[in-house]
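Next comes just one chain, in structure tokens: the form predicted alone.
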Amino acid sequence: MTRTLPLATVALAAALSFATGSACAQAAGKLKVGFMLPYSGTFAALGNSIENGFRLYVNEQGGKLGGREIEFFKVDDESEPSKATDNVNKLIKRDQVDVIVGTVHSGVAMAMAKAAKDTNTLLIVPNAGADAVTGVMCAPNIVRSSFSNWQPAFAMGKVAAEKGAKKAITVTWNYAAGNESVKGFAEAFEKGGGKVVKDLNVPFPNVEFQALLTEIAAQKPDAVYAFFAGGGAVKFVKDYAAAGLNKTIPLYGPGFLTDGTLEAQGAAAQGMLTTLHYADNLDTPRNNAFRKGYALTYKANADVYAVQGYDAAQILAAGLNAVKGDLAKRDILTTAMRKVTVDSPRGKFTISPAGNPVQDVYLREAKGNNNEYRAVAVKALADPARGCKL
């Protein structure tokens, strides 16, 4: 005898079946990744390199992370802090992305970090070194794949002091990244017995440096520490050499002074020493494979920005793999992102409790179009994460 189920039971079973199917479809749906990067202006090349690096890793994984296909959204942040809140909200509210990757400019990143913290949106910072992002603004949903402004600057201060410099002048744009960088340099330089006798700056993104160069020539320091990047770095290094200062006063800086800029800087940059968590000629199987893959895909040489984008994708993948792509398991995901050991082209690194890489910082020398490895300036350097309370 055939038993007939009550109509209500059939309806309930159908509803449950539909709900389960919808949940499965949702879990297997595309992961929305929003790039908020500079695609115009001084830092445009940096933004493109970061995106290329991120996409390269995704492509190596067959187009998926944690079993999820990726749908990309893009916003040009224009390196403009006053537009940062509106721009990040385009990704958070309009596009409803699952994760944001950005940015380069530290002032913009500060606004992004605040928005991410307020909305609990997952944020991976692939460049901007603003100390506060993994300091007073630290949060479980914010992780960085790059550096803090303090890290390469502190390493260069240590190197300059070890090379016997006693008096130094610092030069930078007057904005968050520059100001934090020169402070990090001064901390290590003065700890090593040196003294910063003058801090010089110009408004961002001003590239009129003549008055600063005149002041440097008059002061005759033992060394100059400069923080600039992109087009500003090209102009400063060339102007410094044109003034003849490079013949008598060594110009030091974090790697951004010569990364992605050596071809444009030409002879002016040759022999310059910088400190950074990456060197172009790191002769490891991981770096060689990465550079080959990047060159074949984009017909260009990889730089530190591409590495940071690539590693941002690796960190995200670690979290997604831990939860099999299920973003609802947020605590497990963010914990996995912090516990990962990243097998990076720069060398393996870990993530601090505050969300910043703990990594080797290298001393590099500009040779041709490469920033070549010379030594490890500081091993496994961890940012002090001042003010972070998790």
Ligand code: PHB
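Heads up: residue numbers just count along the shown sequence, starting at 1. The shown structure was predicted, so the numbers you read here are calculated from the model rather than taken from an experiment.
A second form of this protein, the form predicted together with P-hydroxybenzoic acid, is not displayed here; the remarks below concern that form.
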Just one of 174 to 182, 283 to 291, 313 to 321, 114 to 122 has heavy atoms within 4.5 Å of P-hydroxybenzoic acid in the model of the complex; which?
-> 174 to 182
With P-hydroxybenzoic acid left out of view, which of Phe236, Phe256, Phe154, Tyr278 would have a heavy atom within 4.5 Å of it in the model of the complex?
-> Phe256
Work out which of Val361, Met36, Val33, Leu46 lies within 4.5 Å of P-hydroxybenzoic acid in the model of the complex, going by heavy atoms.
-> Leu46
Could you tell me if Phe189 has a non-hydrogen atom within 4.5 Å of P-hydroxybenzoic acid in the model of the complex?
-> no
Any chance Tyr305 has a heavy atom within 4.5 Å of P-hydroxybenzoic acid in the model of the complex?
-> yes
State yes or no: in the model of the complex, is some non-hydrogen atom of Phe227 no more than 4.5 angstroms from a non-hydrogen atom of P-hydroxybenzoic acid?
-> yes
Decide whether Thr261 counts as a contact residue for P-hydroxybenzoic acid in the model of the complex under a heavy atom distance cut-off of 4.5 Å.
-> no
Mind listing which residues of 340 to 379 have a heavy atom within 4.5 Å of P-hydroxybenzoic acid in the model of the complex?
-> none
